[in-house]
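Given as structure tokens, the chain that follows is alone and in the form predicted on its own.
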Amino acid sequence: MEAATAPTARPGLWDRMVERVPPIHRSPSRAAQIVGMLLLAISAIFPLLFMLSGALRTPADWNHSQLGLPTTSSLEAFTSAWGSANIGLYIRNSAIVTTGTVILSLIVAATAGYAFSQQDWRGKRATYLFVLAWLAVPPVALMVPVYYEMSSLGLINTYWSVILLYTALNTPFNVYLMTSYLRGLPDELMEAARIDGAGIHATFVQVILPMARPALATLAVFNVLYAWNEFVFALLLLQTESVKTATVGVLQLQGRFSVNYPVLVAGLLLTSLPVIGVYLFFQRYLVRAIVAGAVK
């Protein structure tokens, strides 16, 4: 009688996980890519870690050393920046300006891109080239006429002054990206909508907008970054304390003769967190847009 063979032991959880991991091709080019991505990740994370480390320091600890882990940690810098420095008010103002700019920019870009890519009308090419020509105009050259126009309209120290201006400055790029994306949509979709009896507006709402979500998300990210971080026109048009945005408000944390660096770094960190959150939320849509060819 043959001896019974011992049952083989089932592989453990770690062994099963290792088996599912695909093998890595160890080549110089692969290693260089991994090293490059690691360096990019470190370069992106290091400023946040530096701000967090600086914000947790006391002024005495900051004067002793600016790099490395804080020897004494305190949340006093965050409370001072949020309370006495009015960072909360500035963040609220930036949120209002950014939200208004993004909504208005997406409406203009979507309708204009639909008109330039899917509709035939007299003067379309000349109008499109006129819009694109404004990409070559530096925004700083418009400071004097913009201030004069906003003052004539009574919009100085109002949210609408920067919302309208940011929308106008971003319109050439927004229209170009949206037009390029919508031109790549299959013509069969438009023909099917026309056969079903859909008009111009119904086609735009039921066909164009659902298909353009990756491009709209991409534009939303770009416009949020611009509107939140813009400084020059916000400093020019928003002069009262109640309407100043975060970029202008953080500037006031720098004293004339001395600077409380932990409070300044805490203010910078607080104003950076909303933008990081928006990017992380729209990241998957941004990747889809890049894969679909919205960003060229």
Partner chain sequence: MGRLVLDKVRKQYGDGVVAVKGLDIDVADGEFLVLLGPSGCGKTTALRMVAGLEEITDGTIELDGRVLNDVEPRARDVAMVFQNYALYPHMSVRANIGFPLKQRKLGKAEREERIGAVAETLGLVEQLDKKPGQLSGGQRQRVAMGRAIVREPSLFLMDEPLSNLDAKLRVQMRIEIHAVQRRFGTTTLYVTHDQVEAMTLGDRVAVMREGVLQQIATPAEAYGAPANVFVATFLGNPGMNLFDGELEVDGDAVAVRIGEARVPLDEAELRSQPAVRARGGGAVVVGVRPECLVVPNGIATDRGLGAKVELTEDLGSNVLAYFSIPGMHRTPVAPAAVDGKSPAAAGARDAWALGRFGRNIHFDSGSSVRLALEPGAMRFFDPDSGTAI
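The structure displayed is predicted, hence computed values, not measured ones. Residue numbers count along the first chain shown, from 1.
From this point on, the text means the form predicted in complex with the partner chain, which you will not see here.
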Partner contact for residue 198 in the predicted bound form: the partner chain, 4.5 angstroms, heavy atom: yes
Heavy atom of residue 206 within 4.5 Å of the partner chain in the predicted bound form: yes
Can residue 193 be called a contact residue for the partner chain in the predicted bound form at 4.5 Å between heavy atoms? yes
Contact between residue 92 and the partner chain in the predicted bound form at 4.5 Å, heavy atoms? no
Among 103, 96, 189, 75, which has at least one heavy atom within 4.5 Å of the partner chain in the predicted bound form? 189
